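Just the one chain here, the form predicted alone, laid out as structure tokens.
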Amino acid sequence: MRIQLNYDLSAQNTFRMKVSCACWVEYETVKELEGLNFERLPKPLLHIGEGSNLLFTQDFPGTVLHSNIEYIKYVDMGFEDVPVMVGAGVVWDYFVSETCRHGLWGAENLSLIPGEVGAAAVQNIGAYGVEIKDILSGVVAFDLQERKRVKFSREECRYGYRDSFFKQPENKGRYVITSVLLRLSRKPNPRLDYKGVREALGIPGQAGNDGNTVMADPKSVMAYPEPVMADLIGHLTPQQVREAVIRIRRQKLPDPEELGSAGSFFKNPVVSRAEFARISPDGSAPHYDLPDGMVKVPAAWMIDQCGLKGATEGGAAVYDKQPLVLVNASGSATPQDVLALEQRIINGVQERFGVTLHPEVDHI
């Protein structure tokens, strides 16, 4: 257990905002968390992971908690499915690397996403056709209000697009996830929805309306002709898919160690078909048709169409390789720089397309 007052948070958020908190608490076990005297800690309380999806807008007046609960336990009964219990403090990409090393399928498309396992379950992280909810069975948490351990099934987590039960206003900050149960598989099941992933693996495939997703069944390798499918199942490994995803991400996204950012800053807007027809009368804009009849439009495309790729406000900038990402370009950007750039982008997209972008990054 480590408790420190007036703690510098510069290294605890990937945006590298120079802010501090009144108190920092880092614990190693669930018992240490349960044994904290919360009444004596400065309020409010904020629990963070790697700080990869946060924008601190000012110094935090309360207590920031961080988990060092780090373990990976395989419940290997020799069957096709392999349950894995993971401590909330495990770095997400380390977990993915370990599962791929063991030849287990399910997490490989989520490679190189920054953050820790507990925060990943809160955020419902996703990339290249996979979300954590697809492999999650449940979570164990500590209820700060009732001061007791609680369990949630996947259904009770109420996952949505970058959303969950834990992010709802009435629940936010109440539950601290301490461990996550994930279910992986020995059975080859490559998820090759995205054109970029297929190309990185040297696999041809028909692109969809957004230029990325395969037109046939986008959730299954069965979308491919039988010979291609057989070859994929027979030769691909989770490690190969992981390496392909890593190559793509490194080409498009900045390394937080070199350039401060919080990853994708905005959610991709979901609009009605009528609204999409207004945005793109000829239907040529990149988009993804959702099963419920709605249409998802890439926020990056909208930002680019507004001429904002590379735009700057003070030390903050729109990343020139991926306009969905805002970066601390100078290394000394202030929260006000980022907020000003965020608002400029929201205003620009609203004026051009009549669509309001919403941040994916939590503002603290």
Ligand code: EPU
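Note that residue numbering follows the sequence shown and begins at 1. Because the structure is a prediction, the values reported are computed rather than measured.
Note that the form predicted together with this ligand isn't included here; everything after this is about it.
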| query | finding |
| --- | --- |
| Contact test in the predicted complex: Pro286 vs this ligand, heavy atoms, 4.5 Å | yes |
| Ala300, heavy atom within 4.5 angstroms of this ligand in the predicted complex | yes |
| 4.5 angstroms heavy atom contact with this ligand in the predicted complex for Gly126 | yes |
| Contact label in the predicted complex: Lys309 to this ligand, heavy atom within 4.5 Å | yes |
| Interface residue in the predicted complex among Ser97, Ser164, Asn268, Thr178, criterion: non-hydrogen atom within 4.5 angstroms of this ligand | Asn268 |
| Position in contact with this ligand when the complex is considered in the predicted complex, options Glu28, Asp59, Asp304, Glu34, heavy atoms within 4.5 Å | Asp304 |
| His47, Asp93 and Gly118 all contacting this ligand in the predicted complex, non-hydrogen atom within 4.5 Å | no |
| Segment that reaches this ligand in the predicted complex - one of 260-268, 83-91, 165-173, 97-105, heavy atoms within 4.5 Å | 260-268 |
| Stretch 181-203 - residues with a heavy atom within 4.5 Å of this ligand in the predicted complex | Tyr194 |
